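Listed next as structure tokens is one chain, alone, in the form predicted alone.
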């Protein structure tokens, strides 16, 4: 059974423009202009006064949601286990950080919270206490109606102990308030040309091999689809003919549609950070994704 997608945009797409030549309302305007209905944010990046926003900012936030007819989707947060170099945070301290951001996400109307756990390796194995401080917050997440969803992000593929650990946690606890977020950058199958504002050289490729793409087969999505609650539609470069230069969207969309997923595809541009480029790139991706969903539904590809 095929699902019908909802479309959103992450403000991270505009990261180099935001706060310099782009205001919060500008971001709302650009997102709504694509036809998207959801807005995803970085809590520390877009919430003024984080983690203690003023009532005036909250009023402004909900006023913008109403004006631009957008709904809050996912708030990105971090559990800073190495906030001090002398030691890692305790379980109690990690639980308190996660609780703080759960309450903040709920306050702003978000239904999903992506915590970035501290990692121990280049393939993003999370530090071992993530399970303890997350489990302490499951009852609160249920009460608030927020789903905690760590991100499966390159260089971690789907078939990996990180993903297995998250799935085992879901199965053991039986929770409905913890799931997987898939970052579609894992499906990248061609090298990037730019990273941030810089062209990628051979030395960078040698030390960051994931820039060439980890080439996860889109079919692997079907193996974990029942645990997936949110998709960040990561991309880097779409040309004027709506051809993505790095992500093979047709097989990706096919796998997601066949899985029955009906949640958000949230555009997350992470390409060349030339001024204003992100605005046009996000628009291109939103058109491309809708075009491919329509073509799939019409039977033009399977």
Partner chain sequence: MLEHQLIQSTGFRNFGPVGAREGFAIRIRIPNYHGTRLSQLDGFDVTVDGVFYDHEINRFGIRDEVYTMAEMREETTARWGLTEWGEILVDKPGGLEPGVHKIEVLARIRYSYFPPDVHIFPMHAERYGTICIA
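Keep in mind the model is a prediction, meaning the values are calculated, not measured. Residue numbers count along the first chain shown, from 1.
Missing here is the form predicted together with the partner chain; even so, the following discussion is about that form.
- The candidate spot formed by 44, 82 and 117 is fully in contact with the partner chain in the predicted bound form: every one of the three has a heavy atom within 4.5 Å.
- Comment: 120-128 is the region of 165-173, 120-128, 67-75, 137-145 lying near the partner chain in the predicted bound form, near meaning a non-hydrogen atom within 4.5 Å.
- Think of it this way: in the predicted bound form, the partner chain has a heavy atom of just one of 260, 35, 63, 51 within 4.5 Å, and the residue is 51.
- Within this chain, residue 293 is remote from the site of the partner chain in the predicted bound form, having no heavy atom within 4.5 Å.
- In the predicted bound form, no heavy atom of residue 106 sits within 4.5 Å of the partner chain.
- In the predicted bound form, at least one heavy atom of residue 15 sits within 4.5 Å of a heavy atom of the partner chain.
- The closest non-hydrogen atom of residue 289 lies beyond 4.5 Å of the partner chain in the predicted bound form.
- For the stretch 248-287, the set of residues having any non-hydrogen atom within 4.5 angstroms of the partner chain in the predicted bound form comprises 273, 274, 275, in sequence order.
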